[in-house]
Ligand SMILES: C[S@@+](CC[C@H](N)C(=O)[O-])C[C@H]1O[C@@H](n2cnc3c(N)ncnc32)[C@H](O)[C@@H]1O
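Just one chain is shown here, as C-alpha cells, and it is the form predicted on its own.
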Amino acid sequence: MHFRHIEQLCCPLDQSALVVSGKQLCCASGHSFDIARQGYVNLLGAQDKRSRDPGDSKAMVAARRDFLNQGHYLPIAEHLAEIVVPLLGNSAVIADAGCGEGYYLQQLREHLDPSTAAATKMIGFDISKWAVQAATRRLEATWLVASNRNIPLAPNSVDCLLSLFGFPVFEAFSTALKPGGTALFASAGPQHLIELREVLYPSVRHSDSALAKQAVDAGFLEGESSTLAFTTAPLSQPEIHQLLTMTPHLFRASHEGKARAAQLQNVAVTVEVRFQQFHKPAQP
C-alpha cells in the first residue's frame, strides 16, 4: 500500500524511521501502525491520551465542517495563504498541528499555483480521530492522528508549521522544524466573537497572550505579526449553534448562557484573529 511522504515520519515510540509494510507503517524496532481504510494512520500513543476518545468529538467536527463550508471564515484562509505562500520554496513541507477537519490546508492548497501545489508536501495531524477521518475527505495529503506533545515527524523535516487556534508545544515544534523554518500561529483577538461571548457570559474577559514570550523563551526568533478583523454576514440560529459547538465556549459557558445563545437569530459576529510568525534559528 502507498502512503504519502513516509520519509517525513518517525515512530512515536522510539523516533526511528517508518516504512510501509503491507497495510501498516513499521519501524526497525518492530512497532507497527495500521493504515486505516480512509488512508490515515493513528500514531497516537497511549501515553498521549487523557481520555478514551481525546480531542474534538464527532459532533464538534461535523459542526466545524458545516460552518466552514459555508464560507464564514474564508477571509481567515485567504489571509493565511497570503502569509504562507511567500514562505514556500521548492518541495516545501507544511505541517498543520491540530489540523481539525482539514479546511485550512485545503484552502491553502487551492491558493498555490499548480506546479507549487504538486511539489508541496502537506501533512496534517490532530488528536481527534474524528477530525482526521473528516480531513481525509477534503484533500489528498498525509493525515495522522497524533499529539502536539509527541509529533511523529522526523527532526528538522518541516519548512512551515501551522498552529491555528490550537495548543502549541514549542519544544516539539522546534524539533520538527528545519533550521530557519517558520511556525505560524493564529489566535483569537480581544473582540473575537464578542457578540456571542456577551450573551454566553455574565462578563467578558480577555487576558493578554503569552504566546510571544513562550516562543522566545523556547528559542524562537519573533517574526512578523498581523491582525485580521471582519464581520460575518448575519448568522441563522443553526449557524450560531454550529459556531458555538466548534469552539471551547461549548464547555465553558453555563447552561443559562447557552440557553440565551439558543435564542439568537440573524446575528452578525465580529471575527478578530492575530497571526504571529516565529522562526527557528538557522544553524551557523
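Residue indices: 1-based, along the sequence shown. Please read these numbers as outputs of a predicted model, since none were measured by experiment.
Absent from the display: the form predicted in complex with this ligand. The rest refers to it.
Within 4.5 Å of some heavy atom of this ligand in the predicted complex lies at least one heavy atom of Gly98. When this ligand is considered in the predicted complex, Leu68 lines it closely, a heavy atom lying within 4.5 Å. Heavy atoms of Phe165 reach within 4.5 Å of this ligand in the predicted complex, making it an interface residue. Under a 4.5 angstroms non-hydrogen atom cutoff, this ligand in the predicted complex lacks Ile123 among its neighbouring residues. Only one of Arg149, His206, Arg137, Lys213 lies close to this ligand in the predicted complex, with a heavy atom inside 4.5 Å, and it is Arg149. The contact residue chosen from Ser174, Ser128, Thr182, Ser157 relative to this ligand in the predicted complex is Ser128, the criterion being a non-hydrogen atom within 4.5 angstroms. Figure note: of the listed segments 198-206, 174-182, 83-91, 100-108, the one touching this ligand in the predicted complex, with heavy atoms no more than 4.5 Å away, is 100-108.
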